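Listed next as structure tokens is one chain, alone, in the form predicted alone.
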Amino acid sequence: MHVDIKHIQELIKEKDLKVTPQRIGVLEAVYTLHNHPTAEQIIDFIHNKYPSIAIGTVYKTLDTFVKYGVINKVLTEGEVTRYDGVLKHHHHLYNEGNNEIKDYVNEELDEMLKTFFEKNAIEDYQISSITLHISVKSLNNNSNK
């Protein structure tokens, strides 16, 4: 998958962050790997293309990107942190058979959840967003290999 470096630079600038080769490399990895990569997968990608970027720098950059809303963190069943470059509201389908995470967009579900929590407020809290993590088992045996 080809990732537009100029687009990556603009995303970083939009968040008032300094554009550095390290930040470009990390964001390029998130978008190229595109299926909610782990930090280790991001590090492997970066070291193949930019071997001089330190592992600590990758972790700091990921934390900065999450803090500034450039990417989101996704926690999986096995407590593995993965990263998501898609900022448009969506839910996640987590396939227990192969640890794959797919984005799931459903406006009817969003409206149902919003209505439910308007009627069933959580005491002393205001809900800012609702994102579901749905664990699934594939009915197709081929996708569990």
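Because the structure is a prediction, the values reported are computed rather than measured. For the two forms, the rigid core is made up of the largest set of C-alpha atoms that agree within 1.5 Å on superposition. Start at 1 with the first residue shown and count on from there.
Absent from the display: the form predicted in complex with a further copy of the same chain. The rest refers to it.
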In this chain shown alone, the residue from Gln41, Asn95, Thr57, Thr64 with a heavy atom within 4.5 Å of a further copy of the same chain in the predicted bound form is Asn95
Does Thr20 make contact with a further copy of the same chain in the predicted bound form, using a 4.5 Å heavy atom cut-off?
no
Is there a non-hydrogen atom of Asp16 within 4.5 angstroms of a non-hydrogen atom of a further copy of the same chain in the predicted bound form?
-> no
Exercise for review: Would you check, heavy atoms only and a 4.5 Å threshold, whether Thr76 touches a further copy of the same chain in the predicted bound form?
Suggested key: yes
Given that the partner is absent here, does Asn48 sit within 4.5 Å of a further copy of the same chain in the predicted bound form, heavy atoms only? no
Those residues of 4-26 with a non-hydrogen atom no more than 4.5 Å from a further copy of the same chain in the predicted bound form are none
* Asked: Any chance the CA of Leu113 moves 2 angstroms or more between the shown form and the other one, core superposed?
  -> yes
